[in-house]
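First, one chain by itself: the form predicted alone, in structure tokens.
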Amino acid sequence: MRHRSLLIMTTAITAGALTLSACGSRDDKDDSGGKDGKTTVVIGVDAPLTGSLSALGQGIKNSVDLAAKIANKNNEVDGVTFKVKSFDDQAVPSSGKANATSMVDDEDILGAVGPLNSGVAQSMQGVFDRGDLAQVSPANTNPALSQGDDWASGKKSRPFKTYFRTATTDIIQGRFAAQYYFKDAKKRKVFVIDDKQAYGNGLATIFAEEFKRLGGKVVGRDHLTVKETDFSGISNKVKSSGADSVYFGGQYPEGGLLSDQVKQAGAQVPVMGGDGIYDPAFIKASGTSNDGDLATSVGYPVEQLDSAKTFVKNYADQHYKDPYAAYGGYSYDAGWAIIQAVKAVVEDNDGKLPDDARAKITEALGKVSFDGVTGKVSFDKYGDTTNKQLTVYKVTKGAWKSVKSETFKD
């Protein structure tokens, strides 16, 4: 998406930061940061914490918070205490850019996790890069974010060295969805719809190309506008096209209503989308049964992974108000990746943070490798995750149920 929160690390809380600045080095521990004299590293989270996508954003924020708490409990980085500071982008690019500027201007912030939306990420990347501030998104899936605008032609070029993500790209997700529709669900005529956003349009386009390559037919293509609620015109087009299926590139607020109205128009066909619709809110948004609708999401179901059992238990023990939702495991892993990068930098600098901590942490992120909540966590030369696991979910009796999980192969 997407799908994606920011972990910010500061070397000292306010009073401590002044002390470090006066000393001209982050090497000195913060004598005023706490009773134990540890350096405080704040981890910032950027996500939609209010608005229609807040269900996902709150899960991202809480999961990063949990990573910081576990790191502190285990004394993961000797001499460092982690804290989290959250920023609400409301899924609006201009808000995300303003948040990125605030974080870069805060010298205490050494790394970030987020955002949720690919469109928001586009507005933040340049700001973070100019500030040498690493970001790890747990949910962005637009290929251009890491491989450049010409990725489709094979001319891949990493635009920003500070950008990383634990979610796989739509190159993988869109093709995975098309292969499931054609090979497993035996669909042959699909109507493709997107929300004209970077994530939705990109995902729908990749899906359509792969579906046609496999031998399927795209019998119609249309677009809707985010925050609109009347999709009866598009739904009637779906009905008259004779499509045996619908693919939607977009988010659950519009996706749920679209599925509702497609069926009300008389087209009893499944609506499939990406991780942007994989949320209970997709089902709740609809007044008509969504049974049979489908969604793909990055990774395997967290609840089914042995590696995630401890995360699920620890999350429950914190009694957060909101669930970890679709990106909780990836958010935890994104936060933990930054924590591991901090650990590497500190251990390589005689147990202290260097003056150029941001640059060093960015460099260290490219080399992290650990067994995370969602599996092996590491990044390739573009900053993309090396984990290509995906899952297809189907709405069954009013709830999402996994129906197929596998590691994508060309």
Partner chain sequence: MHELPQTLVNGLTLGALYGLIAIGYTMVYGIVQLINFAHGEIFMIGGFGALTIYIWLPSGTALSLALPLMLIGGIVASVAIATAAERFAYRPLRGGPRLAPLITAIGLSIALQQAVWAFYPDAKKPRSFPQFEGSSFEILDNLHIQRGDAFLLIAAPLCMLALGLFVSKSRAGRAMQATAQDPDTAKLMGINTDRIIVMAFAIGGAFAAVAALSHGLKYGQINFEMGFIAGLKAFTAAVLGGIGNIYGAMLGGVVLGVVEALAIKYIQDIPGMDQLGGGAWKDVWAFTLLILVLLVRPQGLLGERVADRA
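Worth saying up front: this structure is predicted, and the values here are computed from it rather than measured. Residue numbers count along the first chain shown, from 1.
The following text describes the form predicted in complex with its partner chain, which does not appear among the structures shown.
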Exercise. 243-251, 290-298, 222-230, 93-101: which one contacts its partner chain in the predicted complex at 4.5 Å, heavy atom to heavy atom?
Worked result: 222-230
Exercise. Within a 4.5 Å heavy atom cut-off, is D279 in contact with its partner chain in the predicted complex?
Worked result: yes
Exercise. Do A344 and its partner chain share at least one heavy atom pair within 4.5 Å in the predicted complex?
Worked result: no
Problem set entry | its partner chain contact in the predicted complex: A55, any heavy atom under 4.5 Å | yes
For this session: Give a yes or no for L49: in the predicted complex, does one of its heavy atoms lie within 4.5 Å of a heavy atom belonging to its partner chain?
Result: yes
Exercise. Since exactly one of K187, R175, K85, K237 fits, which has a heavy atom within 4.5 Å of its partner chain in the predicted complex?
Worked result: K237
Problem set entry | Answer option from R213, K73, K183, K284, heavy atom within 4.5 Å of its partner chain in the predicted complex | K284
Exercise. Thinking of K196, Q261 and D322 as the candidate spot, does its partner chain come within 4.5 Å of a heavy atom on all of them in the predicted complex?
Worked result: yes
